[in-house]
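One chain follows as structure tokens, the form predicted on its own.
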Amino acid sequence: MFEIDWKTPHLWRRNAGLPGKRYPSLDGDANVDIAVVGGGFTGLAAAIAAAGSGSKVMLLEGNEIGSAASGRNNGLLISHHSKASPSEIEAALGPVYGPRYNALVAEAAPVAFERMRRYGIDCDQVQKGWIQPAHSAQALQRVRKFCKEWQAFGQQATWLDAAEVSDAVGSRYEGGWLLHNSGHVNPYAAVLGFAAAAANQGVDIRETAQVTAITRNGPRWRLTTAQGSVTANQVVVATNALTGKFWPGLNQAMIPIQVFQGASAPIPPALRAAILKNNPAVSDTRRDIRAFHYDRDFRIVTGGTHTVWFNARERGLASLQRRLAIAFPQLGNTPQVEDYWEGVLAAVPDRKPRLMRLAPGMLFGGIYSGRGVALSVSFGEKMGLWAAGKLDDAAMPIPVTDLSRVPYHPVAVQVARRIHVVHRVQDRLS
């Protein structure tokens, strides 16, 4: 396992122009109605919804707000499933939860953008659509299915032939589709904005307050940190990939995926006329996904996954340069890469998020398998309303289950760390 450099300012932090820690640590003991563990998009959205329902809420973030996946990801907001079509979701979740979850996903990006407007969040948000280009003829049939099914569901989606998608992206593809309601943001600035909104709603946010244990305290729950404790009636757990060992077996419910991100030098206007026209978000159909979009200064933000992490920064910069050169030959053979940073996301084999009741009055939610920036806001709001007693299990977007571990978890983690080599070979052959 590699160690993430949390402190070195990366592109998103610099663009946000904001300092790091801004909320106090936990000192002593506290009593609240609802405790939220995890200060990413899910936890913050849950805290806002719960506080808005009249509950006294404390949120405990183990590091600093924005230090983990919510503030370090690529920044795409996408109203589409990870690798599944609406009909496949309905087949998997059934006639009640399938359409309900499809509806939640269909509105996930618009909801996130609306909340940013509502809370006055400035995170360089751009809602000019998301393009999924097909890298092969085989993948083309798959994305055509996605487009047709979402159109039938009521989504504003447009089919793009090979010439249209290649022209829009600035890179050669077989065809693809445009989902109009999606886009991209600076995720670090976004998560800080959601934290400010939560604080304005009355949420008591505590940073560097890592929960080490959750135990029964009569009919309530006691959350212990190094500096103190919180006693609460209900607990929302939104820790995702950095889940520790405060609850037995929870860290085996997901697979941590190590990723890196980076950004080019600013692209001059003459080249922007041919690359990522109209400033969309883009991620293609490769198993080893290529994702691209501009930041506020028109750097191309992209990323990837190492199989091994020695000399990670040096190898990552070289990998980003190769990816940009192959995707956008307009940049020349050696496009300049100015930024590199790392992170970790949570995934599960079926790529569907989880809602798990860890115990009475304690709900875990998340594991978005790469679709979390948009979906986590809607998901978190439902969790906060559940904790506040405004929603029951039957009203949730997916079934609430008991703790569900990934089968053969240690093996699955090792496979996930090495599967990218296989994916790259498959991509070249498909």
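Numbering starts at 1 and runs along the sequence shown. All of these numbers come straight from a predicted model, not from anything done at the bench.
The same protein has a further form, the form predicted together with a small molecule, not shown here; the description that follows concerns it.
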Query raised in the report: According to a 4.5 angstroms non-hydrogen atom cut-off, is Gly193 in contact with the small molecule in the model of the complex?
Result: no
Query raised in the report: Taking 4.5 angstroms as the cut-off for heavy atoms, does Lys382 touch the small molecule in the model of the complex?
Result: no
Requested in this report: Would you check, heavy atoms only and a 4.5 Å threshold, whether Ala68 touches the small molecule in the model of the complex?
Outcome: yes
Query raised in the report: Does the small molecule come within 4.5 Å of any heavy atom of Pro397 in the model of the complex?
Result: no
Report task. Choose from 90 to 98, 337 to 345, 163 to 171, 355 to 363 the stretch whose residues reach within 4.5 Å of the small molecule in the model of the complex, heavy atoms counted. Result -> 337 to 345
Query raised in the report: Heavy atom within 4.5 Å of the small molecule in the model of the complex: which of Gln261, Gln252, Ser319, Gln125?
Result: Gln261
